[in-house]
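Consider the single chain below, provided in structure tokens and representing the form predicted alone.
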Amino acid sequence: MLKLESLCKSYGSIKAVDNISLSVAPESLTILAGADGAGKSTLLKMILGLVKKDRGEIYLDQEPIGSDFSKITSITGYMPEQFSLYTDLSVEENMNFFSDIQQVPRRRREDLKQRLLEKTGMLPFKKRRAGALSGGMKQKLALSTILLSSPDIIILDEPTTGVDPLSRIEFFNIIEDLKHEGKTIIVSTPYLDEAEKGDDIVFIKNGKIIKQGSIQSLKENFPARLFRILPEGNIFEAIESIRADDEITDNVYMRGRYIKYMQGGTAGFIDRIPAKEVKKVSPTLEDIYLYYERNIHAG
């Protein structure tokens, strides 16, 4: 449905988006993952024409959109990182206001509003002022307002930043339901744990794609062996000892009370890590990102 080809955007000497190409499959959840400043927000705004591209093309249903972004914006609901709700208005009043902006017919509005409030769990709070909502509830209200236009494509820019863990889970459960209803969804996030819920992922660093593909394929074809190690003694002392070993220090990182070790070739140095327990494990998206981020310049 949506394809980006060689998109570029610079601000002076800073390349915010550097020759990015990707395809977004219809009725799927595509994740843009990367740290703050990676270029995720700029890329999303370029798709909608909110930021002018320097070079490249955007295709919708295999047709280039050129400078006519209405082809995309007319079927897209966009939730920026800082979404402006009216804090003095109630949940219901905010939805009425955004319904009017999006020209939702009044006869359809009440039924649609009811269904969205039920879907997001916000129905019991419809009379509460938006300013009195928790962070997670504000984000669910913001999502509801962009869904009033019944968009085919949903673009969410870091929708769970600053939201508590339980609310993040609830939010992504709603996103999964929307995907199953046939929506095409793009979500940017710095949180790789919630990115696990996606179908496809695009890892971005310094405006460049360092790896992309289906999450299942990236896990199945992970090119390193990954071990979880419970070290003997104090984990901090073990890490300090490992850092002194140039051959393994770049392939070891601490996670909780465990050490993770990525063995990139046939030669392994795992025996250099004093361990109570060693277990070969499957990679998470965090492991996959770290591997490609560290090896992007290799070979």
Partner chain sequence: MQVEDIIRVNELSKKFGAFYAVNRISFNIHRGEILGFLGPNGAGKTTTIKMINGLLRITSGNVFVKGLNVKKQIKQIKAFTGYMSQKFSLYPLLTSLENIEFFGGISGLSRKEIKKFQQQIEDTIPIEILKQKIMDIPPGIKQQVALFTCLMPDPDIIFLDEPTSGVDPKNRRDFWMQIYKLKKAGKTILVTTHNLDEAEYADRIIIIHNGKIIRQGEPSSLLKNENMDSMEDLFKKAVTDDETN
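Positions refer to the first chain, counted from 1. Worth saying up front: this structure is predicted, and the values here are computed from it rather than measured.
What comes next is about the form predicted in complex with its partner chain, which does not appear here.
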query	finding
Which of 216-224, 121-129, 144-152, 183-191 sits within 4.5 Å of its partner chain in the predicted bound form, heavy atom basis	183-191
Contact of residue 290 with its partner chain in the predicted bound form (heavy atom, 4.5 Å)	yes
Residue 163 within 4.5 Å of its partner chain in the predicted bound form, heavy atoms	yes
Heavy atom of residue 278 within 4.5 Å of its partner chain in the predicted bound form	no
Residue 168 within 4.5 Å of its partner chain in the predicted bound form, heavy atoms	yes
Those residues of 229-257 which, in the predicted bound form, come within 4.5 Å of its partner chain by heavy atom	234, 235, 236, 237, 239, 240, 243, 253, 254, 255, 256, 257
